[in-house]
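Here's a solo chain for you in structure tokens, the form predicted alone.
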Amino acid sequence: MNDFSQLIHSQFLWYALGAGLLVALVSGPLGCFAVWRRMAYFGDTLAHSALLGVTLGFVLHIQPTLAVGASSCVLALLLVYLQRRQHLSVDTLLGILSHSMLALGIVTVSVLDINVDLLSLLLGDLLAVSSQDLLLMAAAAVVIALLLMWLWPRLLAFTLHEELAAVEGVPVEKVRLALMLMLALLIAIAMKVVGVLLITALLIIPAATARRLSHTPEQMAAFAALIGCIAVIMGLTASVLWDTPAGPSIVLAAGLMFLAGQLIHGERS
């Protein structure tokens, strides 16, 4: 009990909690757009570029979060360009880019003989968040939140009906690019929390859970953020109590809440 009390008062635990809550607060609303626009595969593709970003960060002596953010933004821009130039479906383009970027990252690590902790990259390393990491994540979260509030009406119009939104004067291509860049920025800060393999789960599961509880888009965004925060608290508590990996524990908590929501809804209907 004494050890637990000491752990609760540890600075690194509060850093981890702050980082997790920051990511949950912005991934909830963004996850709603990922669910509405069926962009889960896009999140996976950006996450797979994280390894290349981390590698470039080591080579160029850049903070990993900044390097991953830059590589994710470049990939988002590349996808927009290819969508305009190629007559391929989005899923096909995402499949090509996803596996190509992951392969390029692995080859780069091998060729340059860089010592990368693949386990923490894949599953996250929330308990190792530093004050510098927390400041970067806070800055990115504020940027995403401000952009979401500013673009919210246009994002909704774009999501509901692209053609009608364009007729009404919404700059569809710019809004699409802004959404992709916000997702890229989220991937960069979420990597530290849940890792490459689980980023899409944290993006999608709270939003999917909130869908059954909401009657308006704003309600869904708020509930998704709240569910994400609860998942972070539950997962981090489980990690402290039972020494489980923090990132997977958070995603598992979100998954259990989704399952509970489905069961409760099924009993009521």
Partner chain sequence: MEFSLSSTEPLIRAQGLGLELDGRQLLRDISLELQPAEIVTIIGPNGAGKTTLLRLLLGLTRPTSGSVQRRPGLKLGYMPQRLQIDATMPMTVDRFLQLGIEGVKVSDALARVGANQLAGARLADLSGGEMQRVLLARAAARRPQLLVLDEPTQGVDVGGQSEVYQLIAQLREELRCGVLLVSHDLHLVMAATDHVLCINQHICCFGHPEQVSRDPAYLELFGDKVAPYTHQHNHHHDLSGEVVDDCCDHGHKHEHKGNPEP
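Residue numbers count along the first chain shown, from 1. Since this is a predicted model, take the numbers as computed values, not measurements.
Although not depicted, the form predicted together with its partner chain is the subject of the following passage.
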Could you work out which of L119, L160, V142, L112 is the residue within 4.5 angstroms of its partner chain in the model of the complex, going by heavy atoms?
-> L160
Contact residue in the model of the complex, chosen from L51, V26, I227, M220 - any heavy atom within 4.5 Å of its partner chain = M220
Tell me, yes or no, whether R38 is in contact with its partner chain in the model of the complex, where a contact means a heavy atom of each within 4.5 Å.
-> yes
Give a yes/no on whether E168 approaches its partner chain to within 4.5 Å in the model of the complex, heavy atoms considered.
-> yes
At the 4.5 Å heavy atom threshold, is L93 in contact with its partner chain in the model of the complex?
-> no
is_contact(Q63, its partner chain) in the model of the complex, heavy atom dist at most 4.5 Å = no
Could you tell me which of 210-218, 63-71, 234-242, 196-204 sits within 4.5 Å of its partner chain in the model of the complex, going by non-hydrogen atoms?
-> 210-218
